[in-house]
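Just one chain follows, in the form predicted alone, and it is written as structure tokens.
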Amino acid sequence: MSRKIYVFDTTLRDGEQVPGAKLNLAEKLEVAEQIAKMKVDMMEVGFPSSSQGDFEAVRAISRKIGKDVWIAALGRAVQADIDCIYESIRAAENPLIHIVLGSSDVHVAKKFRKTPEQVIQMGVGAVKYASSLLPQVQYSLEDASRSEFEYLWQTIEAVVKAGATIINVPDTVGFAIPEQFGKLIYRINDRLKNLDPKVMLSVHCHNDTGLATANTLAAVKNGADKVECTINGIGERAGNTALEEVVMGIQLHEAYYSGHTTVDTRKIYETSRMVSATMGLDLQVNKAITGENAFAHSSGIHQDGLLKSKDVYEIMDPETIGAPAMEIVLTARSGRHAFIHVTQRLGFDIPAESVAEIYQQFLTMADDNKEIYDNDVLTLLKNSGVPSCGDSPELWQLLDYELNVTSGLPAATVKLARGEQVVVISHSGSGVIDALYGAIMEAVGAPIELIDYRINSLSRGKGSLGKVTAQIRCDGQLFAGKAIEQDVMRASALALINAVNKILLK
């Protein structure tokens, strides 16, 4: 029977330790509420003894987040830290004290400068005190993957008898190898279930050698009940285990892991983008599950296979994680099949005798612009005189735009066309993009909300190309538009219009 694997999110504690990712109170509350929507089981929201600001944030989140999520905070194995944790999370409906203390030789000898027995007694005393305050206490053996096993077990046995309800085994510096880490968890789990089967076994892996997800899944396979993760894998140094990778890995192979999570995977993509934007940490484009290219295909061979059947090259539907639909990215490597598919999706039917010529024009354009998006194809087809199909929706096109940037309020005027309809709208805003996007949104008249806006440089020098991505929400669904131009303001306008046109096409 499939067992439940508990998901413990530490984005607001370990994740926020990334340099430059410091959040204010309002931002922390916003992120906490979004993560709670994913239905994680537990959420670690800070290190309250580190600063007054962190204490206030932990306390505010504890009061705000409901009973469905356990609220945890971290501290050292000292009474002052434990008191601070207690005061900050006591208002939570399900509070959890999290104590961390090193167990490896290097920590015992060089960090604490104590004997192994003295360190165990520190841990036992801390757990006894914490469990006198709250019923749920997690004990983390920092640097467990580099610890001598019998000492590790001696510590676990002592703190469980002292009242620890969760034992967490961290690979603190990303040292572990999946096969060896799996065997370690198996040995601990075997003894722990005999000692006290009610105690939960947890793992917390770092990604210093790129093995955090692999080590975490190896632990699940070998008996771990709980996984500690962060959104997008953010965290100190090379980061933590990425929540989205572990959750989807378990979901894809539930029978293999004999386990499942209760995370609402449809909230993964939105949460990933929200955390990225709030913390100012861009995602790598090829990031597993949530990267910009995770469901994008530019190779002609791949595109041909996908158009015949999506499962040829996709192991999960983008909608499973709440992402926009699969994207066919037209490049000079795209085959004729993919090009014709995009033209038909846009509502055009190229006459058979013109296909070869227009396809060649497309390849020339693709060589110059690297990637070709909907507005480029529309321009190519209209310039070539290709008629649109009678039953296809008319799409928006940018005819002209003007920006007025002064020391006062920036303003933008856009001229858009949709079939025979021409709309001219002026709009002011707090910035140039705000004004430009406000004008476009007013012109198209659709109930849309801008979710994400990004600019990337694709080349160097004065004539460099700028790639803009605009992601919008309409009626609960996400739509992404992209454009590449030397003029990034024009690219910004086209990216938003391309996203709006996807709503019309859907």
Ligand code: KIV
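Note that the structure is predicted; figures quoted are calculated from it, not measured. Quick note: we count residues from 1 along the sequence shown, nothing fancier.
What follows is about the form predicted in complex with the named molecule, which we do not show.
Site residues Arg13, Thr172 and His204 are all in contact with the named molecule in the model of the complex, judged by any heavy atom within 4.5 Å. Checking Val119, Val100, Ala338, Leu398 against the named molecule in the model of the complex, a heavy atom within 4.5 Å turns up for just one residue: Val100. Interface residue among Ser140, Thr213, Thr343, Ser104 relative to the named molecule in the model of the complex, by the heavy atom within 4.5 Å criterion: Ser140.
At a distance threshold of 4.5 angstroms between non-hydrogen atoms, Asn168 is in contact with the named molecule in the model of the complex.
Though the partner is left out of this view, Leu74 does reach within 4.5 Å of the named molecule in the model of the complex, counting heavy atoms only. Heavy atoms within 4.5 Å of the named molecule in the model of the complex map, among the stretches 181-189, 327-335, 140-148, 120-128, onto 140-148 alone.
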